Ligand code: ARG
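Only one chain is included here, represented as C-alpha cells and corresponding to the form predicted alone.
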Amino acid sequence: MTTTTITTPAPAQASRAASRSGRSKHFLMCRPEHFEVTYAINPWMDPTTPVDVALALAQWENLRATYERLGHRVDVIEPVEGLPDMVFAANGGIVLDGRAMAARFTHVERQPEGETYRTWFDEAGSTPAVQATNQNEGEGDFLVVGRLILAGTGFRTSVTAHREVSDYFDVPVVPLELVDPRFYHLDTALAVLDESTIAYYPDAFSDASNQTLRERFPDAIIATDADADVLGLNAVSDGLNVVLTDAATGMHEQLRDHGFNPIGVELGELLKAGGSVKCCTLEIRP
C-alpha cells in the first residue's frame, strides 16, 4: 500500500503559509518498469536485497498522482530495459529557459541514459538539446535557485562541468563540495524550497561549502541526522507545497514552521537504490 500524508497546519503556521504561493510546474518522470538493484554505485545499493517491482511502480504512481493533484504537468519518458536507474529522471539533464543539456554519467551502468534523455529533450522541443561533454549528472548535482545554480561535486559531477553549465545556460554557478558518500548527489543533501530558500544537511558538505551556504542562505532550514538518513532533503517544492518522503517527520515539522505545506509520500522501495522524490523528478523550465 502507498500513502500520501497531508497535515492541517496550526493557525500560526497557516498564517505564514498564506504568505506563500505555489506555482504550477512541468516535470519529466520515468516509470520504474525495469527497476532492480543488481549493482552498487552508491552506499544505499545492496544487490543482495530483494526489490519488489510492483511496489516500486505503485509508489511511483502515487508520486505522479500527487503532482497532478497539485496542478503540475507530468510527462513520462519511455523506460529502457537494462537501465534500472532510469527511473531517477532528475539525473537525466538540466532544462532551463527552454534549453536542455543531457547528462554524461560517471558510472558505465548509467551512461546510455544520457543519449536517451537528450533524444527526449530534442523531440520535446528544447532547442538546442545537447549532451554534456564533462561528467555531469543533471539535476542530481545542479539545483536552480532563482537565477543561480548550486552545483555539487565530489562524487559524480566534475568541477569542469560547472563551467560548462554556466557558459551554456548563461547563469552563475556556485560550486559545493560533497564529502559524505551517502550523499553522492547534491539533491540528496540540499532541497530548493522557493526562489531564495533552501534546506540542507551540513555534515554532507566540506567546511568551505558550509561557509558558502551560511553566507548565501542565512535563513536556511537545517536538516537533522534522522531526516537526512531517510533522504528527507530529496524533495520537490512549488514554493508552497513540498513533496518529500513521509519518513522525514522532523523535516515536515520544520517546513510547517516556515510556512510550507509538507506532503509526505512513501518511496521506500526506490530508496533501496538511493533515490527518493527529487531523484524521480526532472523539472522542465520553459
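Just so it is clear, the model here is predicted, and its values are computed rather than measured. Each residue number is its position in the shown sequence, starting from 1.
Beyond what is shown, the protein has a form predicted in complex with the ligand; the following relates to that form.
- Heavy atoms of R118 never reach within 4.5 Å of the ligand in the model of the complex, leaving it off the interface.
- Contact between N241 and the ligand in the model of the complex is not found at the 4.5 Å heavy atom cutoff.
- A residue is said to contact a partner when one of its heavy atoms sits within 4.5 Å of a partner heavy atom; G140 meets this definition for the ligand in the model of the complex.
- Using a 4.5 angstroms limit between non-hydrogen atoms, N91 touches the ligand in the model of the complex.
- Checking 67-75, 196-204, 181-189, 146-154 against the ligand in the model of the complex, the stretch whose residues place heavy atoms within 4.5 Å of it is 181-189.
- In summary, among the residues V53, A226, I222, M45, the only one with a non-hydrogen atom within 4.5 Å of the ligand in the model of the complex is M45.
- Scanning 272-286 for heavy atoms within 4.5 Å of the ligand in the model of the complex gives A273, G274, G275, C279 in sequence order.
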